[in-house]
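So this first bit is one chain, no partners, the form predicted on its own, shown in structure tokens.
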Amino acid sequence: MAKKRLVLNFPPQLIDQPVTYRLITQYQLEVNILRASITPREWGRLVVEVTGSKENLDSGLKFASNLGVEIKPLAQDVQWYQERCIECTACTAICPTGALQLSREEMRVSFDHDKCIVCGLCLPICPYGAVEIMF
């Protein structure tokens, strides 16, 4: 099974189309929506985790891309700036997935992209802007 975390940007003409439904039913993909921003007649954005066979995943993403959906890997959209972090650990307490965690031995905060669901809870907590979501 292949798994990807992606940002799908939908042009206004696709907002009311069942693109996600077709990824699930026609390409047997499991689509977990982590975050969504959809407004009629404007661009829409889904942050998703998509799982399926590599062949189905590639075919499904090609289908969506051919419709006009812009597809980017999620890793490019979440940035953690270690040099800005002062190790205050405020973010580690609020992070629901443990993407931001404290190593007790070193007393250092670290960030794991694979665990991040882009919930954004860490953004207002960090006074130094060590985490940014690039949309």
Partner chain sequence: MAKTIQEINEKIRRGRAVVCTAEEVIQIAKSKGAKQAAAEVDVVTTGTFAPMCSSGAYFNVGHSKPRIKLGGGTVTLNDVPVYTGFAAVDFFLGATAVPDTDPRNTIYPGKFSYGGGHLIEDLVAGKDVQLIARAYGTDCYPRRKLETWIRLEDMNEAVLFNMRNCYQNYNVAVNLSDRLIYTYMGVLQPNMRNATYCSAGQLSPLLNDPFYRTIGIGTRIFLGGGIGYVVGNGTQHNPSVPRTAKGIPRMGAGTLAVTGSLKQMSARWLRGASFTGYGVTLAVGIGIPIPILDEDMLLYTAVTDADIVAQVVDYSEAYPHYTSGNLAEVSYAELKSGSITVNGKKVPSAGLSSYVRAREIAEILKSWLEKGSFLLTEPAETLVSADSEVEFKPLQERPILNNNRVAAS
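Definition used throughout: the rigid core is the maximal C-alpha set that superposes within 1.5 Å between two forms. Model, not experiment: these values are computed from the prediction. Positions refer to the first chain, counted from 1.
Keep in mind that the form predicted in complex with the partner chain is not shown, yet the notes after this line are about it.
task = Consider residue 54 of the chain shown here, and say whether it contacts the partner chain in the predicted bound form, taking contact as heavy atoms within 4.5 Å.
result = No, residue 54 is distant from the partner.
message = Using a 4.5 angstroms cut-off on non-hydrogen atoms, would residue 42 count as touching the partner chain in the predicted bound form?
response = Because no heavy atom of residue 42 falls inside 4.5 Å of the partner chain in the predicted bound form, the answer is no.
query = Would residue 85 count as touching the partner chain in the predicted bound form under a 4.5 Å heavy atom rule?
reply = Taking the distances in the predicted bound form, the answer for residue 85 is yes, it comes within 4.5 Å of the partner chain.
query = Is there a heavy atom of residue 126 no more than 4.5 Å from a heavy atom of the partner chain in the predicted bound form?
reply = The answer is yes: residue 126 has a heavy atom within 4.5 Å of the partner chain.
key: Selected contact from 72, 62, 35, 108, since only one has a non-hydrogen atom within 4.5 angstroms of the partner chain in the predicted bound form   = Checking each option against the partner chain in the predicted bound form, the one that comes within 4.5 Å is 108.
key: Heavy atom contact within 4.5 Å of the partner chain in the predicted bound form, the stretch among 25 to 33, 44 to 52, 86 to 94, 64 to 72   = Among the candidates, contact is made by 86 to 94.
inquiry  = Given a core-based superposition, decide whether the C-alpha of residue 38 shifts by 2 Å or more between this form and the one not shown.
reply    = No, the C-alpha moves less than 2 Å.
inquiry  = Does residue 124 shift between this form and the one not shown by 2 angstroms or more at the C-alpha, the core having been superposed?
reply    = Indeed, residue 124 is displaced by 2 Å or more.
ask   = Do residue 96 and residue 37 have their C-alpha atoms closer or farther apart in the predicted bound form than here, with the shift being 3 angstroms or more?
value = Relative to this form, closer in the predicted bound form.
query = With a C-alpha distance change of 3 Å or more, do residue 7 and residue 83 lie closer or farther in the predicted bound form?
reply = Note: Cα gap between residue 7 and residue 83 widens in the predicted bound form.
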